[in-house]
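Heads up, the chain below is alone and in the form predicted on its own; it's given as structure tokens.
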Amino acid sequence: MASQHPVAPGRIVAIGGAEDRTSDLEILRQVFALAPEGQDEVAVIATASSIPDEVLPDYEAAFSRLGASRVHSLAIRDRRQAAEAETVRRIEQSGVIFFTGGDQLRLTNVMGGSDTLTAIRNRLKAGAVVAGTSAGAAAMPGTMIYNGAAADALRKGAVNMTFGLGLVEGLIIDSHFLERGRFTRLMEVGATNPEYLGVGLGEDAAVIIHPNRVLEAIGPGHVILIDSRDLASSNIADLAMGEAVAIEHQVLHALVNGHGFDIEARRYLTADALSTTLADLR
């Protein structure tokens, strides 16, 4: 099936949060390895974080250990800073652009429509890696979750959604997924619009979104997919706000390191199948 969504040559990496930043750096190592040849500068954007001065040094140290020739630490606290030519220049120099965790609404509020976001999209089109953890991962799609109770989100209106950064379409990404019991959040999203594939990222787990729209799970944690495209029925359109949602036939997959998923074909890929699918991209 031909993709309905535009595809950029660069890779997107969405991380579930709490990734190792001080020891083996397993996920960050793979993020850095995806940078285009000869483009070893990294831009770390801490806009989502309320404590950028604490977060940025950890990532600067981690990417420096991995071989970055320069790490640009960008707090970018307001829209004026997101429009500065110097900020854009640093993005344009970087082969890896990384969003930290924090609050995804703060991130989209500051970045939306900015010259910095335009530069990030252009770098992705040119083959750079754009990665994000926690809120930085959740904000990547065109539509994002920004709030919603984990305990019982299968009630109409329990999950709040808004526009994201628009770096990838057709997905809804949720982070800290297993640790915070967020299954029902993505289940309600699937009932609301079955076209979207729900991607639940466990902590210290991530997916690489390849240019052929194949997901590759990396890291020691789990990646959970909730596929609602073949949803049989749901009562969500007939409910009042707060009433319990019924869902018939959602499909769940659990991916581990080295396994994958073809977004367009809605097909699980074992390690061998994933390797074959990605052979032309290596």
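We number the residues from 1 along the sequence you see. This is a predicted model, so every value here is computed, not measured.
What comes next is about the form predicted in complex with a further copy of the same chain, which is not displayed.
In summary, among the residues 105, 75, 126, 154, the only one with a non-hydrogen atom within 4.5 Å of a further copy of the same chain in the predicted complex is 154. In the predicted complex, no residue of the candidate spot (66, 96 and 142) has a heavy atom lying within 4.5 Å of a further copy of the same chain. Judged by heavy atoms within 4.5 Å of a further copy of the same chain in the predicted complex, the contact stretch among the candidates 209-217, 55-63, 230-238, 34-42 is 230-238. For residue 187, a non-hydrogen atom is located within 4.5 Å of a further copy of the same chain in the predicted complex, even though that partner is not displayed. Contact check for residue 179: a heavy atom falls within 4.5 Å of a further copy of the same chain in the predicted complex. Of the heavy atoms in residue 23, none are within 4.5 Å of a further copy of the same chain in the predicted complex. Looking at residue 196, you'd find every heavy atom of it more than 4.5 angstroms from a further copy of the same chain in the predicted complex. For the stretch 231-253, the set of residues having any non-hydrogen atom within 4.5 angstroms of a further copy of the same chain in the predicted complex comprises 233, 235, 244, 245, 246, 247, 248, 249, 250, 251, 252, 253, in sequence order.
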